[in-house]
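Starting off, we have a lone chain in the form predicted on its own, written out as structure tokens.
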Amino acid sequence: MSTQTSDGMNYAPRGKAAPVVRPGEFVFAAMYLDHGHIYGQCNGLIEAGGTLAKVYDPQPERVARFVQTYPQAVAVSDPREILEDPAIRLVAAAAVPSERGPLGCQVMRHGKDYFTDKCPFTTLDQLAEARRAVAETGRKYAVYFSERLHVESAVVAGDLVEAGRIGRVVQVLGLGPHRHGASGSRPAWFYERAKYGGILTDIGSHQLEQFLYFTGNTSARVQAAKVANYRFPQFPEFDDFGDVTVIGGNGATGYHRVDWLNPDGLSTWGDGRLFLLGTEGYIEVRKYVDVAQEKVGDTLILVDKAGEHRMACAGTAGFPFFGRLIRDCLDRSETAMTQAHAFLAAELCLTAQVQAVRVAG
């Protein structure tokens, strides 16, 4: 599957190879290919030196497409062939959202680390059970927050913040519009709240993870949230709009808006934007397109004490998360993302969804 920008569900970035292990040193498998993000997850791990050994999915046609992209993966007919294989260190999965939490607990209790697509859970009870499983097993429950981890301009933004270029980050504004696609292009679970969790639980999880990361917060609370269905009355359980305001423990604030209202005329699946306000400057990230200018993304604008700067980030920073994750799994360290951070991001988006005021469409 090649990288493309028209369909977010199958957006799978590719980067340069940057292996952190020798061939065969870090073996992983893929399971449950319900969301196309599994391709991005696997691309990142392979580029970091991971060895993709096996794949399982109950639908043979999905397995056939996957093996066409990754012929090194052996298709297995029983998930136990992965769960009980001592050579496999990590399982990457993109199951139906409501199944991700239970699957992760199963994987960890089989002695393996787990790497799931976002959103990692659809209920607070699932989160609580995963916290128990991590404590019991000592395994990792890693989450693919692709809108930060697999976007080079977002990686550069993090480097600039860490270097102090805009001072202390005091406010984050995140915009995550998405293209719904043609009628019939989405699976049935996409419209069932019990299975996809709601818009703030789902694509809102990217936004709240970014708020925590860029502000350096280890605690936060939801101040306000709302959701609506403006365009899709034929799917009464579907949210096509949501927003949330959060306040971090260190006083930083965030406002985040997500939607499924992307116009057909846009050249990409979503004009994702990120704005970071600091005490000494600000950053704007145009992730997937510089709209009406260039049909490429990864543009970063920085204004600081030295002046105004425009940066083309594609091909400059790579995707260091994946190599760090592999090393963390081998070294039992936490350099890619702490478990507390991943779980707090999940808790915030689940809480926001529960607390959200439903606006009549």
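Just so you know, these numbers come straight off a predicted model, no measurement behind them. For every residue, the number given is its place in the sequence shown, counted from 1.
Separately, the form predicted together with a further copy of the same chain exists; it is not shown, and the next lines address it.
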Taking 4.5 angstroms as the heavy atom distance cut-off, pick the stretch from 197 to 205, 89 to 97, 280 to 288, 107 to 115 that is near a further copy of the same chain in the model of the complex. 280 to 288
Should the three residues G184, F190 and L344 be counted as contacting a further copy of the same chain in the model of the complex, with contact defined as a heavy atom within 4.5 Å for each? no
Of these, Q72, S267, T218, S77, which has a heavy atom no more than 4.5 Å from a further copy of the same chain in the model of the complex? S267
Could you work out which of G164, G251, P236, P102 is the residue within 4.5 angstroms of a further copy of the same chain in the model of the complex, going by heavy atoms? G251
Indicate whether Y213 is a 4.5 Å heavy atom neighbour of a further copy of the same chain in the model of the complex. no
With the partner left out here, check for me: in the model of the complex, does some heavy atom of L261 sit within 4.5 Å of a further copy of the same chain? yes
is_contact(I301, a further copy of the same chain) in the model of the complex, heavy atom dist at most 4.5 Å: yes
Would Q293 show up as a contact with a further copy of the same chain in the model of the complex if we use heavy atoms at 4.5 Å? yes
Within 162 to 190, the residues having any heavy atom within 4.5 Å of a further copy of the same chain in the model of the complex are R168, V170, Q171, L173, L175
